[in-house]
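Shown below, as structure tokens, is a lone chain in the form predicted on its own; questions about how it binds or moves come after it.
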Amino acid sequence: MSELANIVLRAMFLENLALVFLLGMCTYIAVSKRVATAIGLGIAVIVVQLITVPVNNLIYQHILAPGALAWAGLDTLDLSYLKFVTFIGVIAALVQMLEVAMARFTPVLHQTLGIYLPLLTVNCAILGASLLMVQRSYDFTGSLAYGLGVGLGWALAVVLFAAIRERMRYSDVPVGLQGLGIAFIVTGLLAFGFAGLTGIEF
């Protein structure tokens, strides 16, 4: 259990997708002007990562990995070069199924998150999590913990950033830095803060 908690905490803080790997920055910058919006997007990212990372793990381990098809007499077949296309297809399909299910069973939640869900199909943080899961050779349980951790970490980063941006509306920001300029500076400072956690053992 402590190993799974370690995976979650490392993914949230030491290997934060937004502030350490700088993945998903387009959505991170665009949808972080209000805390309420950032929370909605953060919840959507957590749900999508929690589903797509373990599903992609199963597909990779049982179909794409070298020797995965040994049960079919194809022990020399290596389909790992298809992981990019396969993972993107899985992400797009699962995001669409999640959107349909939410519209059917939780219409209120769908109204809140529905506009953000299609954006997640093309978010490089979602694909990056699945690729990093393969690189780290997690099993199914580890990939489940990793999906939760990267989702929580990305959500934490975007909500923190949105809270700071809301406060900056009342700050005297120099004219040349208003807008994206100060947003990138704040992102850099947040990234320094998360980088300062490097070396901590959970």
Partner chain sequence: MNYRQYLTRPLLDENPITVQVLGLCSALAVSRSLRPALIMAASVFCVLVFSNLAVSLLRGVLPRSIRLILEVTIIASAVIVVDETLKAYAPDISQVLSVFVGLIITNCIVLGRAEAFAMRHGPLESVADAVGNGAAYAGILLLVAAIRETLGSGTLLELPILPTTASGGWYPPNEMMLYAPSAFFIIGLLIWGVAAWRHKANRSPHSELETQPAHLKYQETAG
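Positions refer to the first chain, counted from 1. Owing to the predicted nature of the structure, the values given are computational and were not obtained by experimental measurement.
Heads up, the form predicted together with its partner chain isn't pictured, but that's what we're talking about next.
- Interface residue among 124, 102, 117, 94 relative to its partner chain in the model of the complex, by the heavy atom within 4.5 Å criterion: 124.
- Mapping the unseen interface onto this chain, residue 62 falls outside it, with no heavy atom inside 4.5 Å of its partner chain in the model of the complex.
- In the model of the complex, its partner chain stays beyond 4.5 Å of every heavy atom belonging to residue 171.
- Remark: residue 12 does not count among the residues lining its partner chain in the model of the complex, judged by a heavy atom distance of 4.5 Å or less.
- For the chain shown alone, residue 29 is a contact residue for its partner chain in the model of the complex, at least one non-hydrogen atom being within 4.5 angstroms.
- Note on the interface: of 137-145, 45-53, 173-181, 65-73, the segment with non-hydrogen atoms within 4.5 angstroms of its partner chain in the model of the complex is 173-181.
- Residues are counted as partner-facing when one of their heavy atoms sits within 4.5 Å of its partner chain in the model of the complex; in 37-76 not one qualifies.
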